[in-house]
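Before any questions on how it binds or moves, here is one chain, the form predicted on its own, in structure tokens.
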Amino acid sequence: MKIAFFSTKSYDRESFLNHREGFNHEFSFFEVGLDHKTVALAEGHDVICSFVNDPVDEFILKKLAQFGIKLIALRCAGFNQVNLEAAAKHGIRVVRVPAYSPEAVAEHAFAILLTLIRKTHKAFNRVRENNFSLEGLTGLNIHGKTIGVIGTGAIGKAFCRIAKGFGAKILAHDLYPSEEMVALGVTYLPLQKVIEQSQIISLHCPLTPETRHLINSKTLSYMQKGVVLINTSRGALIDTKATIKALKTKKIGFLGIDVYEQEEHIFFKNLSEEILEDEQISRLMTFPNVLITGHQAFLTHEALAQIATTTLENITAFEKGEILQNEVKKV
């Protein structure tokens, strides 16, 4: 099948080309994201492969249907960017990669956490300038702290296992508690109780209408003063305006995010020669206790290999008329 890949970077192209053996597909790689103008590039293809920040709305789906495209293969786990109702109306099926190296994201969450509370990024910059002073670099232990994990799917479970190794007490909230995590020593509580009792909170739940702005002025008010908040899941889980206020009042002691609710206009682009027009992320970057990475938690060789393989398997299953194990539909 002819596949049109949108929002591709060098690592995407390399990974898919390295794993194409055994799959009878043709690739067209486009660096541009999928939008109302670039959707025309999909003409002449059988499938499009889009990424997490490519909005697939009614207009785009109508165009794809006109081109005869019957499948959208998401090379990501999230699918909130796709209008599934419109996809069904236009006879277009949607598949995704539900899990790819959950350890990659969990480990990045801990990398952000450790960097923040031990201030290694600041120490690195100091030493490069021959400044070996330790003033202002006093950090925090993870050992003995209470960590709240919101969402214990594959990534949340991987995060809990790492946290256990650090000697932390782990509280969790999930609609479907995991017996495996309970056996590990994780205690499941209602969301408010987890937020109230945790000194460190890490978000690992999907973005749904119910979880949008899960972290807001109300839930922030329940948190302990100086809480450490980490988000490597979806940007819109956090109300940015409320979070900025909490940083200013020192309710949040440290904030580490790999995702941002308006990231589709910023992330995956080199904007170093431009003026950043997004005032909220610009404000976040002024805080010395905030660390932002550009949606790179998934970016390991192992995860990229799984993404490529699963995506190509999804497309092959569709081509052969087999059951689509990773299909997503409007509930």
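All values derive from a computational prediction rather than experimental measurement. Just count from 1 along the sequence shown to find any residue number.
Below: the form predicted in complex with a small molecule, not depicted.
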query: Contact segment among 206-214, 192-200, 243-251, 161-169, judged by heavy atoms lying within 4.5 Å of the small molecule in the model of the complex; finding: 206-214
query: Every residue of Gly153, Tyr176 and His295 near the small molecule in the model of the complex, heavy atom within 4.5 Å; finding: yes
query: Heavy atom within 4.5 Å of the small molecule in the model of the complex - residue from Val186, Val105, Ile230, Val95; finding: Val105
query: Listed residue (Ala77, Leu71, Ile147, Leu113) with a non-hydrogen atom within 4.5 angstroms of the small molecule in the model of the complex; finding: Ala77
query: Touches the small molecule in the model of the complex: Val259 (any heavy atom, 4.5 Å); finding: yes
